[in-house]
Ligand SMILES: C[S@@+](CC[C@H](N)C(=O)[O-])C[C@H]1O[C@@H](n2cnc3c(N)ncnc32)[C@H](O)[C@@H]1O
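Form predicted alone, single chain, as structure tokens, below.
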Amino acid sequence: MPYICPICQSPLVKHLPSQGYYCKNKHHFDKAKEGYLNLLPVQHKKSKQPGDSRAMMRSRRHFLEAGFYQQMAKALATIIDKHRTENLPMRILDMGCGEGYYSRQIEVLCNNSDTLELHGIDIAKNAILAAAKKQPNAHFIVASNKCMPYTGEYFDLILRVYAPSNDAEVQRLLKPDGLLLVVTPGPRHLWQLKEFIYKKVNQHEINIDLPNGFEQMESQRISYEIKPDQEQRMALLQMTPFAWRAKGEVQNNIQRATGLEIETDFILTLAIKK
């Protein structure tokens, strides 16, 4: 089984009558009716509802499902297809998966996706609930990226799109020669949006910080322009780490701008566990 107990780290075994999981120390975790598993014990929570707020999740859903990042998602699928053995099973974990947008894109865009075993983890229960509803054949859990309750060396590939991670956990969960696929902002990501907020906009430095024991295999830059409408712009703004700087007048200026085109700029880096 892929899971370990988040309390005592013993293997979790599926209890078939209830579809729940239990360990040798009798810690028990029920599977929700939506199909996800909550492996975030109350004592491990730092707040009542950890993770992104419902407003943040609505914004991300509204923007992503409009397809603005699909071109980047296609590039992810191409990299995965390039580095897998055709027709052999591949276990993939999407860290900080939110509502599972990239997991769904991988299933749609990858070749022979029926041989992919897709997993997603996020600390936000409402996001995982939505992901499980939309993709019932994938495996989603509520847990923290800092301490991921999976069996060691279980995954062939870990996907990290703008998600924080514990390097030791990434190292532990990947098989020997397992792959880490990381997406980070490129130098000009959302440049025009930042121009409304900052007096001087600086380019992102391309600094890919890989965990110890990983060797870069390839890196590519994906850049293109998008033209979101007024509502989509505001949703995009709420997804960014600089949204808190955009107060009333700035938000109004962003919303009212005519024909605003915004650059997207992503760095996709693939590394192998050595």
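One-based numbering along the sequence shown. If you're wondering where the values come from, they're calculated on a predicted model, not measured in any experiment.
There is also a form predicted together with the ligand; it is not shown, and the following applies to it.
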Report yes if any heavy atom of R60 sits within 4.5 Å of a heavy atom of the ligand in the predicted complex; otherwise report no. yes
Any chance V170 has a heavy atom within 4.5 Å of the ligand in the predicted complex? no
Find out whether any non-hydrogen atom of N145 is located within 4.5 angstroms of the ligand in the predicted complex, and reply yes or no. yes
Using heavy atoms and a 4.5 Å limit, would one call L64 a contact residue for the ligand in the predicted complex? yes
Do all of I92, L116 and L174 end up near the ligand in the predicted complex, with near meaning a heavy atom within 4.5 Å? no
Contact stretch among 80-88, 191-199, 106-114, 123-131 - heavy atom within 4.5 Å of the ligand in the predicted complex: 123-131
Just give me the single entry in G178, G186, P149, G96 that has a non-hydrogen atom within 4.5 angstroms of the ligand in the predicted complex. G96
Quick one: from A138, L157, A73, V161, grab the residue that has a heavy atom within 4.5 Å of the ligand in the predicted complex. V161
